[in-house]
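Considered here are two forms of the same protein chain, supplied as structure tokens in two stand-alone entries, structure 1 and structure 2.
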Structure 1
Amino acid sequence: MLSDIEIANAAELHPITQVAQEELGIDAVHLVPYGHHKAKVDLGYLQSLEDRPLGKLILMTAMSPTPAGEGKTTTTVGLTDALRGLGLKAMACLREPSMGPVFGMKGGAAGGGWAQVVPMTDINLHFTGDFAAIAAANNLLAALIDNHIQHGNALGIDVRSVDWKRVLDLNDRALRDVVVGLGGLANGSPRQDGFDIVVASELMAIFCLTESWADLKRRIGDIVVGHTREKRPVTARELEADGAMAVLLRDALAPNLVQTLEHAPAFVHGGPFANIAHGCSSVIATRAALRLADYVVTEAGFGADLGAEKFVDIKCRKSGLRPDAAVVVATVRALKFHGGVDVPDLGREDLGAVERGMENLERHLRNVREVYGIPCVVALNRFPTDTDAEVARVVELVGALDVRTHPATHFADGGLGATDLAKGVLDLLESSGPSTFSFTYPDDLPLQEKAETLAHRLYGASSVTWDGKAKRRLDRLEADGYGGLPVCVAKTQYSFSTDATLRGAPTGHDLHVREVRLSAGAGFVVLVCGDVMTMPGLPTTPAASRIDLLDDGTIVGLS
């Protein structure tokens, strides 16, 4: 089979004006083109659609993944293509890829095989400049903080308390822990600092939860960058940074329209991490898509314990958006992995391991259906090594839970390979009764009890413990009036627990909260559980060394 970039480079794309017009009825005057195959859709135009009825919102989530990933993005693309192939008006909403993994280990994140969004190289590199804009605005605030301190510190910021980090869209371990402000009086005050990757920034989360320019500026103004010696929070608004930062994000806020290989429309907009942030593409894109299409498929990061939970408890809670159905992506490989098989042996048939691994999928299905209250099906994303017996066993075991499984081959076959899945989703939407959608916890529960609710209801943990400092921070946040915010748990995606090696569906474990961070602009409190990497490193042989530009401008080696 061809590589992702070979397939993408050979694709015949339609002009984005044609996709917008034919698929969504958007006239070219409402597009802001970036080249011929990418466009932002004008925010004013999108506001004018407010009275249109909403399409059906389909959430794409997954069981706990293996390190290889289980294919949520490809399944999102495949399902969208399949729905469109059935003559329906369908659209995908995806996150923008970060350049960190592109030049590091994972490669691109625009789908794969015959289920990709294109132009693939553009989407994986600078795209329409959104991430660069977010980084610039983030770093302007950082510069304004240090500048305020340098010029007399009128707000009385406690220099030791500043925790607004600078960001780059790059994997660069040497920037995790740095000291800035060295070199003497003219260069400011030395202080400990660090850089995060842009997708881990609060500003990325703000960007993705924002409803409008006014809301953007308000949220930015609410950012807390540190506190005074008297422990009073200091905001970006007090630093007079909110206006200029909003100006830097003005154009980026309009959603990016691209197409799948089969010319289905897709918004690719925003891309927060699913641990330290909420892991979903922008509210603006989702809301717009629901006015433009009858079926909108959107992906949330990592497994259903992380991305889907945050989709429900953060994105839906804040925006009022409601999913009509969910698709839980599973693979025979991941089931065997959770059944105890190690990565090198995942290609070998092992029905026993499939059966043992089911407990992981089963808990995710229970959470989606019974906790979040979203009707769902399983998409079994097929790999060449899956045997028919293994696939049949999954269908049978999931069926026993009263959930239907749809094996899908969109990676190799495009939308046609997901037609059965699409029909299953349509059946589900048709047969579902009134919405049973529910948050995992109510707004007015104290922060500590919110964490306990997540731990008990979703993760199977029996206790929640806190580092002393984390607990003191939590109490302080309650006292400062932030107790009504939702929590955002940052933990490993490989386990329901905080121990990446605990596969399956562990119970009786402890959720230990190491650190508490406030994202006041985004509107949530981050609970850091275990080691969470906010600035990845590069591997021994980074993907960058294989990526090349030929003399005729062809890009090779991007995967």
Structure 2
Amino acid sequence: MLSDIEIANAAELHPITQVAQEELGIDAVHLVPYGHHKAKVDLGYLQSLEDRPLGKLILMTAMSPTPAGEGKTTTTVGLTDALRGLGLKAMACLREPSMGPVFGMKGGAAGGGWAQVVPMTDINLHFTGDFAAIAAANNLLAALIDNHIQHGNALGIDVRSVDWKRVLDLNDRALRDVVVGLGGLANGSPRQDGFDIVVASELMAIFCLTESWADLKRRIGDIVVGHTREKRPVTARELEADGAMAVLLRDALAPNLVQTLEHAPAFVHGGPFANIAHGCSSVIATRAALRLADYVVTEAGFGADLGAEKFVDIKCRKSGLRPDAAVVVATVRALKFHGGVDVPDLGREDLGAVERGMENLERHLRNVREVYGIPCVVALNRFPTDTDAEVARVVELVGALDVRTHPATHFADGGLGATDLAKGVLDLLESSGPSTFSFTYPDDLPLQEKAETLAHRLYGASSVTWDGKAKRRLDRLEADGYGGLPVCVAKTQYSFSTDATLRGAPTGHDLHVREVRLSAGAGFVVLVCGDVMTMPGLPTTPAASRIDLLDDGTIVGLS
């Protein structure tokens, strides 16, 4: 079979103006084209659709992944193509890939095989410049903070308290902790600083949760950059940074329209990581898609303990959006991995490991159905190494939980390979009773109790423990009036615990919080757990070593 990039490079794409008109009824005058095959949709036009009814929202989530991932984006694309193939008006909403994993370990994030969004190389690299705009706005604020301190510090900022970091959209561990302002008085005041990856920044979260230009500027103004010596929070608004930052993000806020290999429309907009940030594409894109299509498939990053939880407890809580159904992606490989099989041996048939690994999928299904209250089906993303016996056993085991499983081959067969999955989702939407959707915890719980509720209800943890500095920071946030915000747990995606080596469905473990960060503009509190890093490093052999430019300008090696 051809590689992902070979398939994408050979694809015959329709002009994006044609996709917009034929699939969504959007005239070319409402598009801002970026070449022939990608465009932004004018925000003014999208605001004119406010009276339209919303379509059905289908949330794509997954069991805890293996290091290679389980094909959640690929399944999102395959399901969208399959729904369109059944004659329905369907659209996908996806996150923009970060160049950190593109050049790091994971590779790109535009789907795979015959279930991709295209132009794949553009989407995985600079795309329409959204991430560059977010980085520029973020780093403008960092520069204004140091400039304010340099020129007299009228607000009395305690330089030791500044926690607004600079950002870069690449993995670079050497930038996690740095000292700025060296070289004498003309270069500013020396202080400890650091870099996050763009997708871990509060500004990315703000970008994906905002509803309008006015809301964007308000949220930016609410950003807390540090404190005075008297412990009073200092905001971006007080630094008069909100207007200029909003200007840098004005054009980026319009959602990006692209297409699948089968020409279904897709919004690809925003991209917070799910193990570090809240892991969902923009509210603006999701709401616009629901007004333009009858069925919208949107993805939340990693497993249902991360992306789906944050979709529910942050994105839905803030926006009022509600999913009508969920699809939980599983693979035989992941089941065997959580059943104790090491990665090199995942291609061998092992029914016992499949059965043992079911405890991971079972807990995710319980969380989706009983904690979030979302009806769901399982999409079994089939790999060539999966045997018929293994697939049949998964269907049987999941069926015993009163959930239907739909094996799918969209990677190899495109939308046709996800037709049974699409019919299963439609059956679920038709048969589901009144909504039982619920948040994991209420707004009025104190921050510590919110963390404990997540740990007990979703992760199977027995307790939550805190570094002393993290607990003091949590108490200060409660005292400063931020206790009503939801929490965003930053932890490993490979386990329900904070230990990536604990597979399956561990119980009785501790959720240890080593750092607490306030994202006042985004409207949540980040709890950094375990060894998760907000600036990842590169692996021993990074994906960058496989990526190249041929003499004729063709890009190769992206996956």
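Small disclaimer: the values here were computed from a predicted structure and weren't measured. Between two forms, the rigid core is the largest collection of C-alphas that superpose within 1.5 Å. Counting starts at 1 and follows the sequence of structure 1.
Assignment of forms: the chain in structure 2 is the form predicted alone, the chain in structure 1 is not. Once the rigid core is overlaid between structures 1 and 2, D551 counts among the residues whose Cα shifts by 2 Å or more. G25 shows a C-alpha shift below 2 Å between structures 1 and 2 [criterion: core-superposed Cα displacement of 2 Å]. After superposing the rigid core, the Cα of P542 is displaced by 2 Å or more between structures 1 and 2.
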